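Presented as structure tokens, the chain that follows is alone, the form predicted on its own.
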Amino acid sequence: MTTGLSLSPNQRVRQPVSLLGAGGAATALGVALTTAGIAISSVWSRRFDRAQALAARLPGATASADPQTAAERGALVVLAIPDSAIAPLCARLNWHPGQAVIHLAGAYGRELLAPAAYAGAETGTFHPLQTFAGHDDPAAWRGVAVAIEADPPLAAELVALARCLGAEPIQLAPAQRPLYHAAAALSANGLVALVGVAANLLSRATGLERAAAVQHLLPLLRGVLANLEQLGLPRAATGPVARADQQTLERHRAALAHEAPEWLALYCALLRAMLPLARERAADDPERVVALDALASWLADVQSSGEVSS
């Protein structure tokens, strides 16, 4: 749920900020923070040249050669590093009361920052439901959900921080973080993997190079995203499953079994995932519901026949 707090930009946001990390997430956050008027004092990275490159883009920031120096220069320290590196780095550093440290990982909570909490620092998480690979436009934060976990008063500061970036803060119970992050990974990484499979199939069908196949798929993908934004679920669900077009789906199944059997199980799994949306969309069409029931039975028969491995 949303926090419901109403805070103006920059209100109660602890400054200056130190960035530990200089990759895509750190760059996107650093550029957005400086654009929003948040002071950044220091940047550290395992590669000093990358810290220097990012600090040069952030007015008032300097590159630090070691993480302890960077941490000491920040009232709010952001660990914008790979998930597996957060706990070890946090344990290496000296923290003190009055300081706050947060990480950007989605699947983990404040347990990764236990050494800082033990030393008296406030700890929290700040995970944007967005991918920033190759993107550092501050506008990319607008409307993005940011999952926040922290105790007061840091929680209010992080809400204000999210809002000054144009993002939408949401609260997330610690126990639900793995499920939340699975949803994020399925939406983002799963989509990329699915496009990779589709591009492979399109390449086989047309002789196009994979890069060209992806370019031809992009307008279709943009149309789907536009439908999701404008129509929502379940109305954005279209195609042969939504139409209960078993004949077309059987042609797909036969073609995949012959030309690309390695993707047949994935295809059938996605068909089964589409069925609930198709049923929801057809709720006022009894004839379509009957056809979808028949389609579900056909899929179950295909599965039980052993033609599709789980």
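Just so it is clear, the structure is predicted and the values come from calculations on it, not from any experiment. Numbering starts at 1 and follows the sequence shown.
Below, we refer to the form predicted in complex with a small molecule, which is not included among the displayed structures.
Asker: Kindly indicate whether Gly23, Ala85 and Ala105 are, all three, within 4.5 angstroms of the small molecule in the model of the complex, using heavy atoms.
Answerer: All of them do, each having a heavy atom within 4.5 Å of the partner.
Asker: Just one stretch in 55-63, 41-49, 281-289, 260-268 has heavy atoms within 4.5 Å of the small molecule in the model of the complex, so which one is it?
Answerer: Among the listed stretches, the partner-contacting one is 41-49.
Asker: If you check in the model of the complex, is Ala80 within 4.5 Å of the small molecule, heavy atoms only?
Answerer: Taking the distances in the model of the complex, the answer for Ala80 is yes, it comes within 4.5 Å of the small molecule.
Asker: Is it the case that Gly74, even though its partner is missing from this view, gets within 4.5 Å of the small molecule in the model of the complex, heavy atoms only?
Answerer: Gly74 lies outside the contact set for the small molecule.
Asker: Although the partner isn't part of this model, could you tell me whether Gln130 comes within 4.5 Å of the small molecule in the model of the complex, counting any heavy atom of the residue?
Answerer: Residue-level check for Gln130: yes, a contact with the small molecule.
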